[in-house]
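Quick heads-up: it's one chain on its own, the form predicted alone, in structure tokens.
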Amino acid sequence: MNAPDAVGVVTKSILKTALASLGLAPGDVVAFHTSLSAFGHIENGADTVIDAILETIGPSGTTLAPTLTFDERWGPECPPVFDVRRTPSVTGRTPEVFRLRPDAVRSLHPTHSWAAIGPRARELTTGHEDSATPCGPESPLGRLARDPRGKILLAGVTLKSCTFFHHCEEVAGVPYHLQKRPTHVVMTDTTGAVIERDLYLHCWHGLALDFTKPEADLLRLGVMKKAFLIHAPLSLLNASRTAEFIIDKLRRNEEYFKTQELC
């Protein structure tokens, strides 16, 4: 893996070399989470990270970025209102820059939308508003889990940020993940049309969870590969094998991720 230059600048070339060394390859479908600050100074910031991923997977690959818009107040008594064109994400600078690119396609969901760029962008994002749960089988993450080329990239963050585990929780049917009653939500699509749905939202309160718990097992099984660039962690996970492992753990023990009760 290349090292940053003498003044500590991470360039696109350095990032591409690092990503390729982890196993990211042309034609992959990859969902990413990233923290720019973890790398220190990245030349051209968020655009460099995005371009490094897109160029590593090539024109046949597709990239997904989390454009989540959650608020702990939201629920049946305080429903969210979402405009896929204008509602900003709350997941950092890189996903926001990503969703504003002209070729990005964003899924329609009031809390757990994803934006995608690539030839399969519409296939992965269309119909998210009809998924009764945020990360269910017909959500972008559910489709990623079934894709043989599906991968999850964590750049500068740990498994604590791995939203993909929420998909596993939903498939396993853990009792703590979703609110007990559906929420009537109002969404506006790219044409300005208003769409209303009754959806189950994420349960914002209840348990403290440790998503780093499976890391040693995932590394041992070869499902996850990890390296460091400067002091920032880089991890790449096989989506389908990760889902299989985590769903099995949760079906055997619904408290697998649990650390303690919250006050």
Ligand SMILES: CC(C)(COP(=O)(O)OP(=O)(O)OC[C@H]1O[C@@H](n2cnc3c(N)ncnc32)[C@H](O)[C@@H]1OP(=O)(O)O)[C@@H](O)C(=O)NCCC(=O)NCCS
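Quantities reported herein were computed from a predicted structural model and do not represent experimental measurements. The first residue of the shown sequence is 1; numbering continues from there.
The discussion below concerns the form predicted together with this ligand, not included here.
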message: Please identify the residue among Ala172, Ala104, Val185, Val157 with any heavy atom within 4.5 Å of this ligand in the predicted complex.
response: Val157
Answer option from Ile57, Ile42, Met224, Leu234, heavy atom within 4.5 Å of this ligand in the predicted complex: Ile42
Tyr200 within 4.5 Å of this ligand in the predicted complex, heavy atoms: no
query: How about Gly136: is it within 4.5 Å of this ligand in the predicted complex, going by heavy atoms?
result: no
- request: Verify the contact flag for Arg93: yes if a non-hydrogen atom of it lies within 4.5 Å of a non-hydrogen atom of this ligand in the predicted complex, no if not.
  value: yes
message: Residue-level contact is defined here as any heavy atom of the residue lying within 4.5 Å of this ligand in the predicted complex; does Thr126 satisfy this criterion?
response: no
task: Mind telling me which stretch in 140 to 148, 186 to 194, 157 to 165, 115 to 123 gets its heavy atoms within 4.5 Å of this ligand in the predicted complex?
output: 157 to 165
query: Does anything in 14 to 42 come within 4.5 Å of this ligand in the predicted complex by heavy atoms, and if so which residues, in order?
result: His33, Thr34, Ser35, Leu36, Ser37, Ala38, Gly40, His41, Ile42
